[in-house]
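This document opens with one chain alone, in structure tokens, the form predicted on its own.
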């Protein structure tokens, strides 16, 4: 056998010795790789779970705190301030004129919020720039009248079904805005995965469709809600 053939044979045998299947060294390396991958995946997953919502939404404070519980106790139910006009349109958040049916430029209490309201808005006849938690995208048309003044019991939905127990709140929570879409977080819901426990947890199209199927037997037509 020539010298070249000897080298080739020895090299082949050496290589076969290094790469033998089932070598404990190779198994150990593969195991460490899997553990590293799983660890990195878990860290990225938890980071995304915790950090993504904070990065996706910006928080804005309301002009001043509003005590819903105090006002419902004094004025009555929701319709006292959020009512349907004669033409059937919904008044939404009361304007300054509506508030001044009860308030004047003299504070009705000693709270800092009442002082801000009187000094910054009533005295200056300036509308309060409230941030609307339930504001839908511009392409959506929602008729409050159709939902609260239905012809039968199924069409009469109470405020809590969509808005939760906001009438019992004593403080205004921060308004959270999606940095990408500009929509309120109340539309998508607090749960980043879209999971909900209550009917008022979110206001997506799927939630509307779910309710319509339950009450009407079908989801409704596109033109009913979209402009």
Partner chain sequence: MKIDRRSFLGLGLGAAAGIAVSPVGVKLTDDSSIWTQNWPWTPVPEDGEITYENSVCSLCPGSCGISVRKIKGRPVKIEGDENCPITGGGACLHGIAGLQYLYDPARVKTPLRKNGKRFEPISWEEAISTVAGKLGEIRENGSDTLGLITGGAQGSMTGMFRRFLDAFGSSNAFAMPSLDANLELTAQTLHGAGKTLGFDLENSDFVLSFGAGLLEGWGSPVACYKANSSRKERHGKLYQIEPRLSNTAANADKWIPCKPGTEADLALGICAVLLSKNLFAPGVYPGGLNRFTANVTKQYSPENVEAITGVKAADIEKLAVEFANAKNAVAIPGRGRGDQGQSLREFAAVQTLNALTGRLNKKGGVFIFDKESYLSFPEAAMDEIAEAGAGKDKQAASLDELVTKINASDAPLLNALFVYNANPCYALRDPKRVKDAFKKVPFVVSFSSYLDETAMEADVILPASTFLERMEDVPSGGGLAKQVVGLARPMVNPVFDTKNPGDALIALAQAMGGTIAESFEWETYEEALEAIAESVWETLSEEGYAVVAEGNPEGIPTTNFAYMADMPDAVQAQGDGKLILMPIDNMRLTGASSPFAVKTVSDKVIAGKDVVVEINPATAKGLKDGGDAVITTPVGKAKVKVFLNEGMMPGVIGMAKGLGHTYDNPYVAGKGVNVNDLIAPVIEPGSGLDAAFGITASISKA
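Positions refer to the first chain, counted from 1. For clarity, every value in this text was computed on a predicted model and none was experimentally measured.
There is another form of the same protein, the form predicted in complex with the partner chain; it is not shown, and what comes next is about it.
- Just one listed stretch, out of 136 to 144, 106 to 114, 72 to 80, 122 to 130, contacts the partner chain in the predicted bound form at the 4.5 Å heavy atom level, and that stretch is 136 to 144.
- Among residues of the shown chain, residue 192 is one whose heavy atoms approach the partner chain to within 4.5 Å in the predicted bound form.
- Interface residue remark: residue 160 is not counted as part of the site for the partner chain in the predicted bound form, having no heavy atom within 4.5 Å.
- In the predicted bound form, at least one heavy atom of residue 181 sits within 4.5 Å of a heavy atom of the partner chain.
- The closest heavy atom approach of residue 166 to the partner chain in the predicted bound form falls outside 4.5 Å.
- Residues of 39 to 68 that come within 4.5 Å of the partner chain in the predicted bound form, judged by any heavy atom, are 40, 41, 44, 45, 48, 49, 52, 56, 57 in sequence order.
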